[in-house]
Structure formats: structure tokens, C-alpha cells
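Only one chain comes next, encoded as C-alpha cells, the form predicted on its own.
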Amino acid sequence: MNKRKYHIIIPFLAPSLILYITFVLFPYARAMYISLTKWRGLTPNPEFVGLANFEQMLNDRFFWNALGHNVGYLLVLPIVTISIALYLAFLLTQGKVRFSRFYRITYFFPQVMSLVALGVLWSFIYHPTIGILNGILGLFGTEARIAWLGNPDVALGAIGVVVIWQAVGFYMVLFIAGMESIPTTFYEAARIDGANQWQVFWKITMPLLWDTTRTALVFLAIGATDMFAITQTMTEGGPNRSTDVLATYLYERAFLSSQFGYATAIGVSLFFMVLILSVFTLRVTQRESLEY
């Protein structure tokens, strides 16, 4: 029976396996090879240079500058996004807020828009002369026209605000779904025992949402290592590389400098960073699952 079972399974798996090898594994393997070559994308046979691209990367200050910005996003974006999303989700499920469905749709709406469209929209909001943000600040007596995307000291944070604003709605809905699956008897018993809102959240809601929070952390960590679309749309890595991230630097090396071998080496390094980061996050946040 076991042999007959495999004779039936293999023909059904073969098409999917062939597609997976062709469009996933082969491109990965090809990228690994190109990262070991010096290639401008114009010749059929790249020049093999071994680990020279990775050695160049270690001495490339622009690479480390971009990596530092990714690390900054990685340390800030997941914590801030999850904190705001958890607060809003708890407020809309336990706080008896009127028109809660309207707020859920409103907060989720940025998620359905493309990052390019959001980047263009916020570029106008941040505009130093016609932007609505400086206009609002002017109502409170602030006369200075702040160049939000033109000032190296604030441009990185300005992009981070847009990313958080765009992502909060999705994770809020994710946490709402998790909270609404928790039996109400837990909350009723806690309130009978005299627990306040903070104690209910920290002792009941948070432990039962831990698996959802772990998933959100991994997704946000992966997003923090990317940041290409929103950065390329709003600043293209400027001013003076103050918002450069690995993805935009990779794009610059590949399509503006035609250094496809070196750009692919950056992409391979980014792949392993994301892989290690995901495994590390899951291991560090691993706890015993609670059943209810």
C-alpha cells in the first residue's frame, strides 16, 4: 500500500515541484553564482571572481551606511507598530468605543493602497512650501518651513512615520481577530476579581496573543530589512544618502552603475540576514503555547 501511495502522490506533486525548482530554486542558485562574478549585464559569460564582491562589501562605507539605516528601522518600527496596533485593537474590542467598525475600516484603509501611491501622497504632505504638515504647524505659530525630506536629520524618521502609519491598520485587524477569539468568560472572571484594564491586558490578552505577536514581529522585521518602495519613491536614498537602505543601494549598484555581480552579492547578503533574523526572532520569542 505504501508503494502504491507514492505512485499516486508523485504524479500530482511533479508539476508543482518542477515549477518550484524552475522559478524559485534555480533563480536562487543563479543569484548565488552571479554574486561570485564581475558582471555588467552585457556579456553572456560573467567573469568569476570568487569572494571579491563580498570583500569589497566589507570595505564599502556606503554599504555600512545603508545597513545602519536598516538596523535602525529594525529596532524601532516593529516595537512602535505593534505597540500602537495592540493599543488600538484592545481599545476597539474592550473599550466600548462608538463607531468601532468605522475606525477599523479607516485605520486599515492605508493597507489597501500601494506603497508608491502612499509615497507620492506623503511627499506632498511633507513638501516644505505647499505641504499640509507645515501648513498645520503654521497655525500654531511655527513660521519655519521644515524640509522634512530634504533635511538629513529628519528624513529617515519622516519615512519611518509613513511606514508605521501604513502598517498599523493591518496589525490592528490581526490583533482584533485574535482578541475576539478569546472567550469573554476570561475577561468577566478577571473583572469580578477586581482586575483593571491594564491587568486584564497584560495578564490575559497578551499571553493569549503571543503567537500572533511573534508572527507580527517576523513580518515587520522582514519589512524593516526591505524598505525599497517607499524610500525609492520619497527620497531615492537622499539627501546625501541619509535615507539609503540596502535595497536602494542594491538598485543603484545594479541599474545605475551596472555592477550586477556586486549588487547580487548585496542581495545574497540581505537574503541571509533576513533568514538568520527570522530564525533568531522565532527562537527568542518562543514560549509554551496556551490553549483555551
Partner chain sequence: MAEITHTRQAQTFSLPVLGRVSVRVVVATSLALWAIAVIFPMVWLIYSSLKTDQEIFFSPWTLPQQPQWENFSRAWDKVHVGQYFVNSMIVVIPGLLLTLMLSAMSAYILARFKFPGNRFIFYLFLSGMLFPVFLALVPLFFLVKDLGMLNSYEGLILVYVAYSLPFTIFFLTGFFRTLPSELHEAAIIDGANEYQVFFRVMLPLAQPGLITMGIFNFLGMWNQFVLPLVLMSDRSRYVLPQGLSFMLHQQYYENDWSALFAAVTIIMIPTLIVYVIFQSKIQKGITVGALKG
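Residue numbers count along the first chain shown, from 1. In this text, all values refer to a predicted model and were calculated from it rather than measured experimentally. In this text, rigid core is short for the largest set of C-alphas that superpose within 1.5 Å between two forms.
Although it is not shown, the form predicted together with the partner chain is what the next lines describe.
Within 4.5 Å of some heavy atom of the partner chain in the model of the complex lies at least one heavy atom of H7. The partner chain is not shown here, and in the model of the complex it never comes within 4.5 Å of any heavy atom of E55. By the criterion of a heavy atom within 4.5 Å, M179 is excluded from the residues contacting the partner chain in the model of the complex. Within this chain, S242 is remote from the site of the partner chain in the model of the complex, having no heavy atom within 4.5 Å.
Shown here without the partner chain, the chain has F228, A229, Q232, T233, E236 in 228 to 244 lying with a heavy atom within 4.5 Å of that partner in the model of the complex. Relative to the superposed rigid core, L25 undergoes a CA displacement of at least 2 Å between this form and the one not shown. With the core held fixed, the Cα of L282 is displaced between this form and the one not shown by less than 2 Å. Taking the rigid core as fixed, one finds a CA shift for F272 smaller than 2 Å between this form and the one not shown.
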